[in-house]
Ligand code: ADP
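Below, in structure tokens: the form predicted on its own, a single chain.
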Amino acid sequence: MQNYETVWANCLKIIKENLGPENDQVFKTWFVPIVPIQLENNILTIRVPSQFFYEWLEEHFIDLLKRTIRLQLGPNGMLKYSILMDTSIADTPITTNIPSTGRQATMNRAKDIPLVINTDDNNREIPNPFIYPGLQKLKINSQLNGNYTLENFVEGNCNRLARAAGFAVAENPGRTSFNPLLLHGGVGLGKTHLAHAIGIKTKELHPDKTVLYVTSEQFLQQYVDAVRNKNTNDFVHFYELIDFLILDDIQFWASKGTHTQEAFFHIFNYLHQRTSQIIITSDKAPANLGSLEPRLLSRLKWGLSADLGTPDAETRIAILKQKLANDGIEMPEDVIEYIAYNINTNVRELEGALVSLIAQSSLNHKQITIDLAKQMIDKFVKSTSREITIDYIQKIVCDYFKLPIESIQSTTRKREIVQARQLTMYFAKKMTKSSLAIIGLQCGNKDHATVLHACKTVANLNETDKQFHYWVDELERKIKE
């Protein structure tokens, strides 16, 4: 008579042959961890690490398992799963109906929970027997920063899609097509702020939801500790209870090996199947995360990938004003604009420049002026190059000729305004990457032919008119300074 170890060893050989060498990793992931523990009355009992592991086998490999068991134990052979549950959660018994026999099995959570798969096709469905009374109300620290809210997240063209998708997710977590929601963008562009804000809004709208924010570094350390302490089941089961998981900076795993990614892959699948919401942030788009495991990378592409770009000048001004309003500080408009036009890399550096200016003013007992702002910019952000935009050029030209910016947008044909408009178009073509159509649109809704004519006019006057040549030199110096 065969023993259970021999039967399962033979089963593994058949399964490996059926999967083929191209699926060697699949075999190692889903079949090598299985442990045979008993063979009685033509029923082979195998132990699997978790509920999710059982559900994945039942969903993806049920036919292969049934064929294999029949080959080894005959047409009446049966397979029984014994699922090792978390011994630290509770001692409450779980009663499981076993469809193939009609019997009941009652065992403690700290022990194995048996399930039988009947090889008879007429009796294949198995109800989900796992009920965790009270665990969905688990009280955990969400690790959300209360200062990062949607209300103080400044919206602009650079982040409008991401913010709108985030609000939709908060209203209906797990039930939109934005699952997972991947927020990606460079350093300091607001990914973490927005991720926290979505989590906070979700808790406001759905107090019953268990929301958790965790950095990829924290997740990695937790997993390493779980492996070291031999309680990876506890680790996996904990994350399986989360209704709304936010994982920050997934690119951190790029050079950290595959085991953590594999653990998250299984957790991801389980949460996604039970319509739990997942938000992931990264400093790169999915197409540039090739160093992650391919199957995990494919999961990131299931939902919506929303880019957070570099804020334009208007958005940067709004961010500075929001920051000042939150701190109850007043600052001259020209100083705010000067900082916004000179710091164009990211929000973090923009706010850092503002803090530096306020510190300079308070510590040295100096009034906040444009001159102090210039000193601060030169001293603290020398490496930052100004972003020259059409808006910035308009402001410099209008300030130089003491004209309101609105005049360039008007249809008036007054000579001084026409000249200012033409100079703006000339410098916009020379110093920005904007198309003629965009330049015309922002300079009074003119067409590209008008922009070309303006550029030729300025070029001609620059060569023939000394006064005009002086204006061009002065304006170019001011725009570049």
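When you see a residue number, it is the position in the sequence shown, counting from 1. All figures in this text were calculated on a predicted structure; none of them were measured in a lab.
Beyond what is shown, the protein has a form predicted in complex with ligand ADP; the following relates to that form.
- This chain is drawn without ligand ADP; in the predicted bound form, the residue among I329, I140, L71, V187 with a heavy atom within 4.5 Å of it is V187.
- Contact with ligand ADP in the predicted bound form, judged by any heavy atom within 4.5 Å, is made by just one of Y400, F235, Y148, W302: Y148.
- Picking from 270 to 278, 222 to 230, 75 to 83, 150 to 158 the stretch near ligand ADP in the predicted bound form, with a 4.5 Å limit on heavy atoms, gives 150 to 158.
- Interface residue remark: T192 is counted as part of the site for ligand ADP in the predicted bound form, having a heavy atom within 4.5 Å.
- Contact annotation: K201 falls outside 4.5 Å of ligand ADP in the predicted bound form, judged by heavy atom distances.
- Contact annotation: E351 falls within 4.5 Å of ligand ADP in the predicted bound form, judged by heavy atom distances.
- In the predicted bound form, A373 stays away from ligand ADP, with no heavy atom inside 4.5 Å.
- In the predicted bound form, every residue of the candidate spot (I319, K323 and V347) has a heavy atom lying within 4.5 Å of ligand ADP.
- Contacts to ligand ADP in the predicted bound form (heavy atom within 4.5 Å) from stretch 264 to 285: none.
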